[in-house]
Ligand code: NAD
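One chain comes next, on its own, written out as structure tokens in the form predicted on its own.
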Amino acid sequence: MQLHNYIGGQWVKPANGRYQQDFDPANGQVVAEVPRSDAEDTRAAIKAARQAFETWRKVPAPKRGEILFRVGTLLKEHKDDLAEYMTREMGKVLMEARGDVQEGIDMAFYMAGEGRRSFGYTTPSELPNKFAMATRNPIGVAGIITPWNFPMAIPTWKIFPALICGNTVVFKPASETPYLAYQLVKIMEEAGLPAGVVNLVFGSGSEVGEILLNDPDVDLISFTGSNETGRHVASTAGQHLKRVSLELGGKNAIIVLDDANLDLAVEGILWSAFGTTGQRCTACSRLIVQEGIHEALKTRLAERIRSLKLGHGLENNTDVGPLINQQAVEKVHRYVEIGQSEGAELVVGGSPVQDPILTDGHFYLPTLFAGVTAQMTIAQEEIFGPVLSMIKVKDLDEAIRVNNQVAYGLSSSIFTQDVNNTFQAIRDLATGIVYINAGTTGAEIHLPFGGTRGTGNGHREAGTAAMDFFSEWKAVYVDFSGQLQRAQIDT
């Protein structure tokens, strides 16, 4: 299937006529042919979004919400098909793909409701016969740049709050997952979104993304991706005083104390470390374990990890799917070799899959290291693959220090049955998300999502916090005294 860009309400071929192929990472089969757009397509999309903004911002927010409600209904109707497309294009297990689509459904309905709850506030004026209030206002054209690992959830986290606030959008999805972006925009078109309000441009960051960062008609950028690219986005867009939201990496840890329910902890660790093949910004890659239960937990995990079945995500018995591409396989293996060279104990895994049935895909064995120290490379840098490192500690205080001694601060978790430990962890874990007796993944769309330190630049996605980024406050004063009153002036 050949995809087209969506610009000004029309599906159009790229102006340069260039295409590239989109592959299933589990078997190398072609999913679609995708435009390799350039500056001409991108500027056309920006122009369409700018023109549509003047009309869209004046559409009453409840009416904008009604369109998003129809989007959510259509996503729900097509959930199974969308999940299958996602597994074929991105590789995650079908159950996880359904969850990815469900997040999009939830966000559509949630933000549709915000069309009637986009509250401002009133406040008493310091002067007589004067009324004071604050209202939310749209900003303009939003450049939305999304990654491949959550090809439905993350775009909807960004696009839907942008729309409900009255902004228009130019959407550049990841080159690895264009087909889900195409399906999402088709659904928004079917739901009745006016022409130009959302525009879709396929292409590389160097050709499409750079235009979004530099074009003066793009007012804000919402980006999810690597820390390195995020720094470039911030510095480039910042030169033009654009508003920028960055959701970057994670080096998330699960703490397991001696009093933990080990059966529950093992399940939470396996899901957090190897769900989505470790390709989540919230994936657990560090396991901080109190010394009293370290060996027992290591033995249990090794046994369970060896039993995980790799395969195509559409197969019912698959536990772990492929990595996104061969470059990801090579990157993961480099980190495994670094871990071994720095003295970590390779307990299980540690190599690309040799099974001849899987040789056409990008598979890597789920991997467990023990004997890892807090400063080793594999305990500090984001690997973004199925590699888990065990770090032994004496007590909760040391566990919290180890958790916080990384460049990132997205998600953390603790398994304990002691309420005192629980509340100390809630207070002291320096991450944007904290889980108690659960893994590091599983954020819900009505709570703020984001992290501290190198994970981003302080903005949050999801919940009402998302609207803080996609809107700006306007203070309004209505003086009905019939005379000039000068605030802050002594009389």
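Just count from 1 along the sequence shown to find any residue number. All values derive from a computational prediction rather than experimental measurement.
From this point on, the text means the form predicted together with ligand NAD, which you will not see here.
- Proximity of residue 210 to ligand NAD in the model of the complex falls within the 4.5 Å heavy atom cutoff.
- The closest non-hydrogen atom of residue 286 lies beyond 4.5 Å of ligand NAD in the model of the complex.
- Residue contact check for residue 449: one or more of its heavy atoms lie within 4.5 Å of ligand NAD in the model of the complex.
- Residue 384 belongs to the set of residues with a heavy atom inside 4.5 Å of ligand NAD in the model of the complex.
- Proximity to ligand NAD in the model of the complex, taken as a non-hydrogen atom within 4.5 angstroms, holds for one residue of 391, 200, 256, 174, which is 174.
- Listed residues 399, 75, 248, 164 were compared with ligand NAD in the model of the complex; 248 is the one with a heavy atom within 4.5 Å.
- Of the candidate stretches 362-370, 115-123, 79-87, 222-230, only 222-230 contains residues with a heavy atom within 4.5 Å of ligand NAD in the model of the complex.
- Taking a 4.5 Å heavy atom cutoff to ligand NAD in the model of the complex, the contacting residues in 139-161 are 145, 146, 147, 148, 149, 154.
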